[in-house]
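Shown below, as structure tokens, is a lone chain in the form predicted alone; questions about how it binds or moves come after it.
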Amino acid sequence: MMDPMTTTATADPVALLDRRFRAAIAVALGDPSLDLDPVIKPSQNPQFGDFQANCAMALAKSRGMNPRELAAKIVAAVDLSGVAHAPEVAGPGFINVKLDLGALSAMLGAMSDADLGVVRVKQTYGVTVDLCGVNVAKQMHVGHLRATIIGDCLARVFERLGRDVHRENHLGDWGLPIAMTLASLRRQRIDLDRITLDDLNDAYRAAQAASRDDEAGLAAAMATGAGPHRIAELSLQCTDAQIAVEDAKRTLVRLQSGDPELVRDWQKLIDCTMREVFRTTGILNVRLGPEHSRGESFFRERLPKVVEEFLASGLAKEDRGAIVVPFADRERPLLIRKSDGGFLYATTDLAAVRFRVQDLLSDRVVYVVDGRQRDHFKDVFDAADLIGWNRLPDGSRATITHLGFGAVLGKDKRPLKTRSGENFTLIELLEEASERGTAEVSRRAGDPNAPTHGMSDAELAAIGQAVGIAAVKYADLSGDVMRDYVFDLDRMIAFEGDTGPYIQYAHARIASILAKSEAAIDSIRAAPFVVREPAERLLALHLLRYGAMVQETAIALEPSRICSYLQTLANLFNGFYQACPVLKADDATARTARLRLCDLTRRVLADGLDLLGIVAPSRM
């Protein structure tokens, strides 16, 4: 009898076999209460079957049994009727399983609905993803690329699984540096309604420089008898710096007190910054809007209470006028208030943890932030645990994770720079990628047989941008996010190999096949799946792993799993297309069945690319 789960709730053969073999292990070991992992894995060699149950060796060793004999008992007990052929024991105790063709077709049918085998489960609590993390008055740089696209990808994965997701762009919009910039611009009477982010970025740097004194240099000049000219110059620098700092402090106090004119000008700096941020994230195809940006200013009124509650709970103490949270297992304490009464990033981050868990009601919070912040976040998360701010209303603990990422390097293995030696702004990098992608697409469009031949420059530019951005995003997401990686556009833009454009091209190729078939999409999707050839089977089995792969990505927080899955899917499709004629199939049944397999593959490729935030063009 066919397991009902093959036609309704699941299209994952591993999940199905797992249930059947768990029951069989309990019978084989004579204990109905057992629930042991059968270790179901795809077979390494298709000639032996589709899957293996690899549990017998470990179970036999722990019980002093012969592994082949235990495997034989499991095989005798397992019920795979309507699911697979009779399993076989091989080697020291492997159990080989080959799915029944009818079950395989039914599973493909089950996954071909709108969810593509991805099981959505509505949960009580949501997920918060801290991503992007830009600072007001500063250009986005390549570090923001990683924080933004990794975070967006994970948010998309959680959303795909039916979770309520809160994207949180923790905007650096408060504190003395912003006040310095604002004070400097006001002193210069700059028109803030016309200012650009480049202007603002320059003003930020200039304000920082103007506030930097050289007391040590002045003391050294006086001690060594430097000329009066030099001493006067250094004295003026120190005086000017002190004036700038005092002006900035007064500005910050007025801003904190809600001075309407200052608040209005401060908001103009934010608006100028965010216009450019949203333009950049739009090019990146990242879902980020004003509703996702919650600045440090949002938490400023909560900071005194953070310190008060830590003191009241006995978890914090005074140390030379400062307030710190000590830890039993490390020497460094967490500083949450300076001796001058000022608050720190840690204070704001503690307020944010509490807000994200207890106000947004998130049972999982993921911080996609530079790996160099590892110790900072460990201290913040541990402090939040001590005081209980990671607790949800039902008493359970939220899982809070810092997903630290590595640096983007140039071909010289050093931090990525422009040809002139300057730091790359993110928009410059994306514009160059789009230009490279457009050049490659335009070159291919010159072939009269190319699907893009005859398209307008605007159409080619749109595809070119999609290709260029795909190249950048896939190269970033396809590796271990915690490691540095080398940025090489020449390699990334390639339509072959392990690249984003290669997967986009596979999608476009299938779209072209479906268009050339001239068959109505409804008739294609009404056709039965018929899986007879080895190449068809390999493709089908990989398609059926899609839902599990999405779930595993959410658990492991590894976007590279999506990239690896899609790369393999594109390769398997190419193998299938070479071995199994589609448009020139031997008969109409085979033709429509293969067209349906093509359509399902195209849909999974498009869905997987969307999880990465990559556009799936229909023509390339």
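Throughout, we count residues from 1 along the sequence that is shown. Predicted model only: the values in this text are computed from it and were never measured.
Note that the form predicted in complex with a small molecule isn't included here; everything after this is about it.
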{"query": "Which of 514 to 522, 344 to 352, 531 to 539, 68 to 76 sits within 4.5 Å of the small molecule in the predicted complex, heavy atom basis", "finding": "344 to 352"}
{"query": "Contact residue in the predicted complex, chosen from A179, V134, L544, A470 - any heavy atom within 4.5 Å of the small molecule", "finding": "V134"}
{"query": "In the predicted complex, the one of R337, R167, R356, H507 near the small molecule [non-hydrogen atom within 4.5 angstroms]", "finding": "R356"}
{"query": "Non-hydrogen atom contact Q373 with the small molecule in the predicted complex at 4.5 angstroms", "finding": "yes"}
{"query": "Non-hydrogen atom contact Y485 with the small molecule in the predicted complex at 4.5 angstroms", "finding": "no"}
{"query": "Heavy atom of V369 within 4.5 Å of the small molecule in the predicted complex", "finding": "yes"}
{"query": "The small molecule contact in the predicted complex: D476, any heavy atom under 4.5 Å", "finding": "no"}
